[in-house]
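Next up: the same protein chain in two forms, each one alone, written as structure tokens (structure 1, then structure 2).
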Structure 1
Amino acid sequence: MAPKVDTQSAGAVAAADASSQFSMDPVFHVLKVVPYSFLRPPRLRLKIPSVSLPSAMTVFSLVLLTYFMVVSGFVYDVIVEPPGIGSTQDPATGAVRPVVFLPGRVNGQYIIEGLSSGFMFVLGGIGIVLLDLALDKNRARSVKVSYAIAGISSVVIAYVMTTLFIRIKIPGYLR
């Protein structure tokens, strides 16, 4: 059931609103009304700028670049400022060797590690896009086969390399 509207209180609110317009501070009234009695705003003939939509390839490129930056840990690299590449000392020879992956720490990375992992994820995503393009019925058979081969190889390379990266990062994982 809908609530009843009190007509007396509604009328009182309307009267209070009407009286508040006329009970304005006189100084504020002078500042509000007097300047506009002799000043006129200029007539501007401004044209609204027309913004055209970006092409589909531009949007795809921006989305792919954003995806690369997110999965490669760009925010982590900016906040933590890890070294670009690490180093370790060979126990047998005493020589210092470069290390690309930070072993044993799942929540830490070198900059090159993040970029290479991000590239592999993007390569896998591009492979899936190529596989989708291979299903287009309006393309020639040779082009469809080329897209399919490139897509399958991209996905397989990305999967194998990402698995290898995880095994380097976490020794004994998936064994």
Structure 2
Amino acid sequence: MAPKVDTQSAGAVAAADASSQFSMDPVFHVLKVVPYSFLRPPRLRLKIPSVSLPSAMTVFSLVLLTYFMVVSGFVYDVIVEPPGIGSTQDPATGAVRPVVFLPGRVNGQYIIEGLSSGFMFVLGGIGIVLLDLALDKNRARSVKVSYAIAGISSVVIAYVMTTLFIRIKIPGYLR
């Protein structure tokens, strides 16, 4: 049938590189006859780029970025389109004051409050990761100590700030 005849004719024409060109691929053989028996392919120095799987820690940093976006309420921002920061009017002076936290509901936010809370959560997570890196045996002692201090301070700051945020947002929290 067609591929077999093509193999023989192609083998007769290009005898020099017949051994390295032997292929089971029928499409290859059809292409050898139809355009490329009278068209000369140009000599290129292109190589197919090799795609390799990224390392685990690369994937982890991408995941952390996605987590930050989800937990700051990115989808809420896209759909409900709240303002970046709210504003109220001071009843006495008439001046317009900014309001950072949307009051009254649990499931509502302005964009900036969402982003700052999301940053706090990620900071807390990174703090615990730094603590684990600090307990790793194969590092210099000064690096371990600095990692430990950074980790502990990150966790403490993140916890205190998030508790403060939720207390501002929900006035009756833990009462």
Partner chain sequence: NSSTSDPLKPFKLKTKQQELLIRVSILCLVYILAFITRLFSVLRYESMIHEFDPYFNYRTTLYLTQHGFYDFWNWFDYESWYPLGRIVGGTLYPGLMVTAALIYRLLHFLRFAVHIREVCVLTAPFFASNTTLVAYFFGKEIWDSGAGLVAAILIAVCPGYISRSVAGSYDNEGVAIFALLFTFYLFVKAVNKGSLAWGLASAFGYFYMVSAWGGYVFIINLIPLYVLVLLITGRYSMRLYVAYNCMYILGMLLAMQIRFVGFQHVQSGEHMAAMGVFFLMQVFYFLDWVKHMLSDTKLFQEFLRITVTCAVAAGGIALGVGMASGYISPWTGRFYSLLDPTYAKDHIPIIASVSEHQPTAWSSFMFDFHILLFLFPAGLYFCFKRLSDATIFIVMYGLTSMYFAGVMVRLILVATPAVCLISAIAVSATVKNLTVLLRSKNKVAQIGSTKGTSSAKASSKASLDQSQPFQKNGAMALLFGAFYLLSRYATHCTWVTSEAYSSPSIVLAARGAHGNRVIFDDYREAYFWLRQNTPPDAKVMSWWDYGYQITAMGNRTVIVDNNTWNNTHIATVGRAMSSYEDEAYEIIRSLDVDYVLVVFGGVTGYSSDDINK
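Note that the structure is predicted; figures quoted are calculated from it, not measured. Just so we're on the same page, residue numbers count up from 1 along structure 1's sequence. Definition used throughout: the rigid core is the maximal C-alpha set that superposes within 1.5 Å between two forms.
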- Note on the structure: For the form predicted in complex with its partner chain, pick structure 2
- Query: Can we say the CA of S87 moves by at least 2 Å between structure 1 and structure 2 when the core is superposed?
  - Reply: no
- Taking the rigid core as fixed, quantify in angstrom how much the C-alpha of R45 shifts between structure 1 and structure 2. 15.0
